[in-house]
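Only one chain is included here, represented as structure tokens and corresponding to the form predicted on its own.
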Amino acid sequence: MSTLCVPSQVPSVAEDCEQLHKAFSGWGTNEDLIISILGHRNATQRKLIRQVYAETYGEDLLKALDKELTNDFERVVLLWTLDPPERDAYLANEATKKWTSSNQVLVEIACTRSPKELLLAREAYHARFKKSLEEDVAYHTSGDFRKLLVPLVSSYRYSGDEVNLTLAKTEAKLLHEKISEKAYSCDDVIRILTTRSKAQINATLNQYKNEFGNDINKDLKADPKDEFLDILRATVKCLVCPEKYFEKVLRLAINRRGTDEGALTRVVATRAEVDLKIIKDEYHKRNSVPLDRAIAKDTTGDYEKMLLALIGHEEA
């Protein structure tokens, strides 16, 4: 459910490149022109623009943007212009470098992408950083976090809808047992969350709720200060209801004293062509304010204009 407004008549790629090149030349940068082009092109179109731009002007469009733009506006434009697998690789690499136990970006990438998308992100990671994502995650994390994150980022789940209900019952019971014993990082819990298909996990967690009366994430809240539990809850949420997970990330990003631009930029840039429409509905329902209004109130200038273009705000 993309929120992106792509014009019905898109100019030729050569024309887009010429306009972008024009936006960088002369006095000052024409930010509005950049937004009017890049903010209204889909992933395939943006990839072509980068290709043709490099062929025509002998420079990577990303380098040109990097030279011309600054701050939050620069970051959202750069993230958006990257091919989705490259973008995921870039975000994952950044997350391993600044790893803290409250950092959920790796879980987000591992659990909200399709198996194929995660595989492509890992390939892009190899190409760009000359290392594997698993290797970097293993190196920068330790203990229970490593035990969960390495299999999560290396997973290639089955992506079909087939579900084994007998298995769901058995594994729901197993999860309940382990969580009751506070054995949160035991092999079985990790195995189920890191290898089962999303449909299977969904069935298991429904079974869990029916059988034991509680949502699993309620039982994983036993100790609100436990950061490993926090990341386990994020894993479950990203696997079964990503729109609720992303709504919360946006809510926290916008409602803090001072905006968390990093999180806001990341969610808008990574979900605009995926499920941002559903996330917007979820946000409106939860906060009684439309997302575009919340963003407009909290951000300014070109950064605000670009975000609004990506979330499909009509006037952007």
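Predicted model, so just to flag it, every value in this text is computed and none were measured. All residue numbers are counted from 1 along the displayed sequence.
Omitted from view is the form predicted in complex with another copy of the chain, to which the following refers.
S.K.: At 4.5 Å between heavy atoms, only one of the stretches 151-159, 81-89, 207-215, 220-228 reaches another copy of the chain in the model of the complex; which one is it?
M.R.: Within 4.5 Å of the partner lies stretch 151-159.
S.K.: Sort through Arg233, His176, Arg113, Arg122 and report the residue having a heavy atom within 4.5 Å of another copy of the chain in the model of the complex.
M.R.: Only one listed residue qualifies here, and that residue is Arg122.
S.K.: Considering another copy of the chain in the model of the complex, which of Ser185, Ser132, Ser180, Asn71 comes within 4.5 Å of it through any heavy atom?
M.R.: That would be Ser132.
S.K.: Hey, in the model of the complex, is Glu108 touching another copy of the chain, heavy atoms inside 4.5 Å?
M.R.: Glu108: no, not in contact with another copy of the chain in the model of the complex.
S.K.: Can Ser101 be called a contact residue for another copy of the chain in the model of the complex at 4.5 Å between heavy atoms?
M.R.: Heavy-atom contact with another copy of the chain at 4.5 Å: absent for Ser101.
S.K.: Using heavy atoms and a 4.5 Å limit, would one call Lys237 a contact residue for another copy of the chain in the model of the complex?
M.R.: Judged by the heavy-atom cut-off of 4.5 Å, Lys237 is well away from another copy of the chain in the model of the complex.
S.K.: How about Arg196 - does it come within 4.5 Å of another copy of the chain in the model of the complex, if we only consider non-hydrogen atoms?
M.R.: Arg196: contacts another copy of the chain in the model of the complex.
S.K.: In the model of the complex, do Met1, Ala23 and Glu31 all put a heavy atom within 4.5 Å of another copy of the chain?
M.R.: The answer is no: none of the three residues contacts the partner (heavy atom, 4.5 Å cut-off).
S.K.: In sequence order, which positions of 238-254 have a non-hydrogen atom within 4.5 Å of another copy of the chain in the model of the complex?
M.R.: None of them.
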